[in-house]
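To begin, one chain is listed below as structure tokens, in the form predicted on its own.
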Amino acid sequence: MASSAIARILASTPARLRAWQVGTVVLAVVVGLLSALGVARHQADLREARLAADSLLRVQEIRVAAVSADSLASRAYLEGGQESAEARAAYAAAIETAAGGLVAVSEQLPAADAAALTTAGADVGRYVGLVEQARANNRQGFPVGAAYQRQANGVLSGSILPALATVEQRTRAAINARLDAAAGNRLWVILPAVAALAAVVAASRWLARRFHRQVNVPLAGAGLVMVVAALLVVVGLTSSLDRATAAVGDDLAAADRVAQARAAAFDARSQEGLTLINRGNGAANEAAWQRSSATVGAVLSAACESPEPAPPTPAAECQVRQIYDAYVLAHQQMRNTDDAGDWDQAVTSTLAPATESALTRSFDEFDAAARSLIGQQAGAARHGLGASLDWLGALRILALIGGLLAALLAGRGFGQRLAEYR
């Protein structure tokens, strides 16, 4: 019934021309709108990837601050009543960075991750309380202070760091998911453009058969405009995605690796102090030092052992690894001293300033080199992800203009044939 009514309406050539005209015009406009929507989705995905990358870097800063504070607390305990004001200030600054960072970064993370960091923040408060108890007992010469220091390290290792590691892993997955989604947004441009081009070709063939003319110039122009606009938009989206992918795969990955190594190194430094604190009973802490130190070596060696290193990042990571190797050697010398029965000298080598201790000097050099490299790569990653959003606003406008221009040309092409019936 409906089909026969439509057939009657389209029985005349002018009616068919108007139907083709309306159909191609609407289709061209839809192509422009869908293409612009694809660009908008691409923008949103890359913005989310940039936000997630920033969150990852900030969570890693928190993790480094937390383990740095613990290493300072362990060394401060060894100093006992002679704890320096500089060490105390450094510890307070690290704790403030960790606690404040947890609050700040929670605001830009999903609810589940924000909840995990809220719990970690409460654990930081518990950690600080235990350190203060250890400090108070130590200043009075009570051996029970060592137990509080171990408990504090247990809270850090058993609760705070695992929570941060889980959030980091989820954030890495979120970055990759957003990049994958951005790659798929090109279909919002390609598929509608192909469908519209097919419609234009079909309309051109019908016009050629009906009016015995090979080419309808405006209609052909409409098809050409859609093809050119789609190609430009797809090229722009691909270039944007390539830039974001490079920023994540190269710069962010390097900053991620070195941040992991730096956090593991501070954990090793903390375990080094705890081994001396637990005088004669520090085998478990030395084993923990070995595990953390192995993590540093494995993470930094991954870039050094790459079959085709792409400078400058792998070379810089290898240099950081070489500096860390010097610390490992100094640590072993300190352990040999302690194992030989000279505990006081082992403590002195751990606490002495860089000018007097190879152990302190090598670790400080590693920390400075790692911190500098993280800063460089994090800055490059943030810049690359930000630059990937350049010109996407212009691409949206191009997509819309392309669709509207194609619609205008298609309408004009059919209008020329309709004019012949007036």
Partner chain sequence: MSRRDTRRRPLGVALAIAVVALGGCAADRHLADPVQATVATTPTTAPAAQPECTAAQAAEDPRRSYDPLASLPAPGKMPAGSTMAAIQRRGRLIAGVSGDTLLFGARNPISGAIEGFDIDMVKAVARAIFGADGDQRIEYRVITYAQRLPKLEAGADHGGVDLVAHTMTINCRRWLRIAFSGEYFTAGQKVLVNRSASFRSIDDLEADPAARVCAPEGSTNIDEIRNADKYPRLNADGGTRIVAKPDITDCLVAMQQGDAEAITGDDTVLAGFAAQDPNTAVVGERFTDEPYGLGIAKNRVDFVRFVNAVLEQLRTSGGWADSYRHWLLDTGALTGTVPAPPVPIYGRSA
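This one's a predicted model, so the numbers in the text were calculated from it and none came from an experiment. Positions refer to the first chain, counted from 1.
The same protein also has a form predicted in complex with its partner chain, omitted here; what follows describes it.
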Quiz item: Can all three of L78, R139 and Q151 be found with a heavy atom no more than 4.5 Å from its partner chain in the model of the complex?
Solution: yes
Exercise. Identify which of E83, D123, D325, D250 has a heavy atom within 4.5 Å of its partner chain in the model of the complex; exactly one of them does.
Key: D250
Quiz item: Of the residues V105, A346, L130, A229, which one places a heavy atom within 4.5 Å of its partner chain in the model of the complex?
Solution: L130
Practice problem: Would you please decide whether A99 lies within 4.5 angstroms of its partner chain in the model of the complex, comparing each non-hydrogen atom pair? | Solution: no
Practice problem: Indicate whether G158 is a 4.5 Å heavy atom neighbour of its partner chain in the model of the complex. | Solution: no
Quiz prompt | Contact flag, P162 vs its partner chain in the model of the complex, heavy atom cut 4.5 Å | solution = no
Exercise. Tell me, yes or no, whether R186 is in contact with its partner chain in the model of the complex, where a contact means a heavy atom of each within 4.5 Å.
Key: yes
Quiz item: Among 143-151, 88-96, 108-116, 68-76, which stretch has residues with heavy atoms no more than 4.5 Å from its partner chain in the model of the complex?
Solution: 143-151
Practice problem: Could you run down 165-180 and flag each residue that has a heavy atom within 4.5 Å of its partner chain in the model of the complex? | Solution: Q169, R172, I175, N176, D180
